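A lone chain, given as structure tokens: the form predicted on its own.
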């Protein structure tokens, strides 16, 4: 495998979502050699995921075209970071093979993932995350004429339901676990963010139900119906798909592997988006969920700071604070109800990769004991799904990540030997 796949750069950005693209654009005028890594086929992240028939927002199209026009920015799509290599290099895997990317400074824009909570039937075919269904539809899944129920918590439910309706599905109900009073308080405060208020009005649906949650998915070989509980009723709804997600979890694994401090489940940053380790910054939802507007301004600050422009970066602090207040309002409104901890039955699978039921975990004291007794978290997803679930169910701290972060080809791991035995790779020509 050719060493030519390796890269050297001044600034390495992990993640091509709003934060990563904004960071690259702010740093580009400095003349720095910039490489952006992303594991998706095209830049945009989860929020601006591209696909057949997708009409991206104008802001996303403009940002992508500006990045593409910058001669000193190279985007490597389909690139997944699997390990960190001291002092400043990342091992990545691409369709073409493994590679080492060395850098002077690093910005982590690794985004977030959905929190999935187990309940009877949640592993049936036809059950996905709310954002997961969005991604499938954007990727070309045909849901025209299908009956869909959306459930869980957070603004992603409305967005997912709107995507399904636009694709021709019939959305029967949107079950939001947060109570009506909390949502009313949140709605009354949206005047501070007029754009968000308009967005909420556009996404609103008459089938939205507060204070309700799914507690069982029914079916033999695939989903046939769901049962939803509210304060005064239990409703059974026949459906073809259930999209169910309970908020977002920051993707901190790479930051943890590098040694970044983690506070409240997110990568901790200072006023300039700098992490606890030298020459490493973080922006976007890996530092806490707040939407694309917060991700964009955090990315801009990180890009300016990493390219030696701290004064300009500091000037964006008021914008960031405004969107951090919105993020705090979201967090208050969509706190998960403790009743969701009672959803699993003894035979409900918690770890899907290793087929570990709730009963096998209920007597364990922590992650270590659970792994020794059941292999929970040791499958292909390496605890990314069940880790967030057991943290909510039992209060266990997620396990510290270990390389490789994802299942990886042996040939990719052998690239680590290149670093010891090969001369440094020449940087790629700008724009190549």
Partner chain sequence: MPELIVNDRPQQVAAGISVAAALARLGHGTVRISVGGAPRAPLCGMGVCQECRVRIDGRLQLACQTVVRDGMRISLETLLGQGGQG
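This structure is a prediction, so every number in the text was calculated from the model and none was measured. Positions refer to the first chain, counted from 1.
Missing here is the form predicted in complex with its partner chain; even so, the following discussion is about that form.
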Original post:
Any chance 113, 136 and 407 all have a heavy atom within 4.5 Å of its partner chain in the model of the complex?
Top reply: yes
Subject >> Candidate stretches 364 to 372, 66 to 74, 38 to 46, 390 to 398 - the one whose heavy atoms come within 4.5 Å of its partner chain in the model of the complex >> reply: 38 to 46
Subject >> in the model of the complex, residue 331 touching its partner chain (heavy atom, 4.5 Å) >> reply: no
Original post:
Just to confirm, residue 127 within 4.5 Å of its partner chain in the model of the complex by heavy atoms?
Top reply: yes
Original post:
Does residue 216 make contact with its partner chain in the model of the complex, using a 4.5 Å heavy atom cut-off?
Top reply: no
Original post:
Can residue 236 be called a contact residue for its partner chain in the model of the complex at 4.5 Å between heavy atoms?
Top reply: no
Original post:
Just one of 265, 140, 315, 308 has a heavy atom within 4.5 Å of its partner chain in the model of the complex. Which one?
Top reply: 140
Original post:
Which one of 132, 121, 189, 211 is close to its partner chain in the model of the complex, taking close to mean a heavy atom within 4.5 Å?
Top reply: 132
Subject >> Sequence-ordered residues of 78 to 107 touching its partner chain in the model of the complex, heavy atom within 4.5 Å >> reply: 80, 95
